[in-house]
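Only one chain comes next, encoded as structure tokens, the form predicted alone.
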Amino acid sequence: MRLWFRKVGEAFLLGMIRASGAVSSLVVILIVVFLFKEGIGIVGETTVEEGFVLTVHRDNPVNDLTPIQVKDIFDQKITHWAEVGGKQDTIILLHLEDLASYYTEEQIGANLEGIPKCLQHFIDSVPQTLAFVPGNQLPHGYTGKIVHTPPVTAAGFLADREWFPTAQPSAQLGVMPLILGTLLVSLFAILFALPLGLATAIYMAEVADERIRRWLKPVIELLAGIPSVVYGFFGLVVVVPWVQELFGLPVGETALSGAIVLAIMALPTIITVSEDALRNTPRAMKEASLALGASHWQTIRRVTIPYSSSGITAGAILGIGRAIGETMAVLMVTGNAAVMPSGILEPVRTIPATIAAELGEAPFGGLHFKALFALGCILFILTLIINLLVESVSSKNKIRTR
């Protein structure tokens, strides 16, 4: 009987373990599918605000405008139709509320029932008009022409250089500044963190005595457990004023500040993984080097580091992954300017910071909402590439160890 209960218990535990693995895998797959379903949904969407249209006189030769042209027209950077392929006329902009300046309250009506008629009259009377109005305010049998904007494409989404997802009348959805900002901050973070992290790992693995190592290792591992918002506060209070004063900048929230904070955050990962790799160097190899007359430092440089290079590389890649995916600390110290980065001393915005800052303001299911999910897809792909690199490097390390 006891044997029967033990077999039943073992079978139950085995079933629970298998079910846990299956459920975990299914949840991950569903999250990825949901992420890409929402993100890919932005392709083919129009950038004009939902429910609104751009309309012109029926004789206006302009049929299409790009989002950039629409933005420049409403920013008064383009003032003549000839600049977008039309006639030599000045562009007259019209919003719905502008009708109150041209028509009386009696013509508009107490319940705004006269707006469609006024709109039709204004478009017919002023042929150079470009109107941005709700589509449901166009009169039945409207004789004007709707100006179309090209739908969002994957290439345009990745290559365009302006990110203004809430701009009216046409959103600007170019993620290039965000991608470059993310890569710039991550690159400099790893350039700062890798030499310091590697030196610390060598000290802990080869130089420090056991008593210091036992004290130092938990302290470094504790750094990995500190919440990122605490690093953000540290960066805001210490790093940002320091960078501003050192370089004489008007503001200290720059890519450099973000890189320094991310470098500090990436150090525990780099040190821990690299130190483990260095300590895995066979003792016989080090003793053979010393027996041949090499010094301690020559043994470290010629034997230990080359043998551990795969593990050190994996630590560096994991540190890059930590830097790319970090959100809160970067949000607090980089200035959050969604512009093309021109240098390390300029404010930038990263992809995780953009998602965190804007998701709460994006209407559910809208264009902005889908654009943020598309950013999540880009971040997922970057992280996946990094993980595949780590797997590749680790596999080489295992083969080499055998």
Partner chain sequence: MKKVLFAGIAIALMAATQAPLRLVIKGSDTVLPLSQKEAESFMKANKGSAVTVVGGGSGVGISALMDGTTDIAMSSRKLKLDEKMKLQESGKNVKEVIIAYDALAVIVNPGNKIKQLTREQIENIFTGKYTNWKQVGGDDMQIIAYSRETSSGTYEFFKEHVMKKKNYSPKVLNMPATGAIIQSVGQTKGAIGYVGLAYLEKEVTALKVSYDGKTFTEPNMTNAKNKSYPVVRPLYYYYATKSESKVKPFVDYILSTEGQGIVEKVGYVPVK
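Numbering follows the first chain given and starts at 1. Computed from a predicted structure; not experimentally measured.
In what follows, reference is made to the form predicted together with its partner chain, a form of this protein that is not presented.
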item: Contact label in the predicted complex: Met332 to its partner chain, heavy atom within 4.5 Å; value: yes
item: Partner proximity in the predicted complex: Val243 to its partner chain, non-hydrogen atom cutoff 4.5 Å; value: no
item: Partner contact for Pro250 in the predicted complex: its partner chain, 4.5 angstroms, heavy atom; value: yes
item: 4.5 angstroms heavy atom contact with its partner chain in the predicted complex for Glu105; value: no
item: Output flag, Ile179, Ile190 and Arg322 jointly within 4.5 Å of its partner chain in the predicted complex, heavy atom basis; value: no
item: The single option of Ser309, Gln298, Gln168, Thr79 touching its partner chain in the predicted complex, heavy atom within 4.5 Å; value: Gln168
item: Contact assignment for its partner chain in the predicted complex, among Gln128, Gln137, Thr200, Ser228, heavy atom within 4.5 Å; value: Gln137
item: In the predicted complex, segment of 58 to 66, 373 to 381, 353 to 361, 26 to 34 with a heavy atom within 4.5 Å of its partner chain; value: 353 to 361
item: Heavy atom within 4.5 Å of its partner chain in the predicted complex - qualifying residues of 46 to 79; value: Phe52, Lys71, Asp75, Gln76
